[in-house]
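For reference, the chain that follows is the form predicted on its own, supplied as structure tokens.
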């Protein structure tokens, strides 16, 4: 007999799903712990929505198993899985009022009328839609429609909440506001949540953990800070945020392994697991780079590469400076805005970074 209390909220074990000759999800395994918000992140076609639909029961895997709180649901229909689903296109009934849309799944389940009224009011209050019970869906904004969809998914008290690109149809300002509300609501209710998005900023801002997917496979699983600062593959490093790359060959010089990038030798972070002769890339985030000018002392131990300022963009709290290196590589640097510091196009500068602020990736 399994210890139900010790099991993860969601377990996906070696799941594979094909559509014809296309492998949408390949030998996918993941555990989502109770109360966690885990995001599946990746480009279109990477398999994230297919994975979510397998957990929901809308797709059947070709192989593998799915468990929810220790109960196998691989072949259980969606309505018996105890999950709430929020779709990208809302999936609301336009001929029904807000109240009727939220109440619909409870009416299908034949809940008592009094309980339905109480639940609808409770969850409409949670998503800040009090007073709109009598409106029809066609009278709502995009953000309001998504709140109705969220309230409807929660009103049936599911064990698991599934969200498939819930904010992609909204404009930027509403998207930021609603993602914060979703995270606050998820934390308040303590509901285990699996969230799908292609938006890196969205994933970084709301997740306990992120699963980065590519072509049906998991590239990396980790906390947002780990995914951002310590990507394990070139795909993760290039897909999540902005990363500058210096690609070359590992060489030994003075008893130390360094990256030979053209004629420049770059020191690697301590503990870099590379061998002489390996092709590697050193990745550095724009905010981890700094600029030095002639006559300015460069911190000891920093890597230094000369270049010329090619473009400057003022972004309020930061200044994004693009520097052209000798080989034509363009590097982006984000500098805190300081009055009196204003790099000019064509100005000769030195690009600097500590080895500790770089990541080494095999190419």
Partner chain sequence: MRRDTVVALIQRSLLVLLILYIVLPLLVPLIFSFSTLWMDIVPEGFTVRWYLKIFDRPKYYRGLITSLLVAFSAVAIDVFICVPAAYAINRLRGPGGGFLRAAFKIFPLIFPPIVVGTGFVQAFNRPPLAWSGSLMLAVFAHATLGFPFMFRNVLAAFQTIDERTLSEAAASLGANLWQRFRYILIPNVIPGILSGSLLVFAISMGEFEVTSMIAGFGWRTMPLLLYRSLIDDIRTASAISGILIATSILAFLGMTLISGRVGAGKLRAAGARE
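These figures come from a predicted structure and were not determined experimentally. Positions refer to the first chain, counted from 1.
Just so it is clear, the following notes concern the form predicted in complex with its partner chain, a form of the same protein that is not shown.
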Fill in: Option from 257-265, 121-129, 96-104, 237-245 whose residues, in the model of the complex, bring a heavy atom within 4.5 Å of its partner chain
96-104
Item to complete: Check each of 196, 83, 167, 282 and return the one that places a heavy atom within 4.5 angstroms of its partner chain in the model of the complex.
Response: 83
Response to the item:
As a check of understanding, the residue in 188, 110, 173, 275 with any heavy atom within 4.5 Å of its partner chain in the model of the complex should be identified as 110
Item to complete: Using the partner position in the model of the complex, report whether residue 92 sits within 4.5 Å of its partner chain, counting heavy atoms only.
Response: yes
Item to complete: Answer with yes or no whether residue 58 is in contact with its partner chain in the model of the complex, where contact means some heavy atom within 4.5 Å.
Response: yes
Discussion item. Residue-level question: is residue 228 within 4.5 Å of its partner chain in the model of the complex, judged on heavy atoms?
Written reply: no
Discussion item. Taking its partner chain as it sits in the model of the complex, is residue 53 near enough to touch it, meaning that at least one heavy atom pair lies within 4.5 angstroms?
Written reply: yes
Discussion item. Within 4.5 Å of its partner chain in the model of the complex, counting any non-hydrogen atom, which residues from 129-145 show up?
Written reply: 136, 138
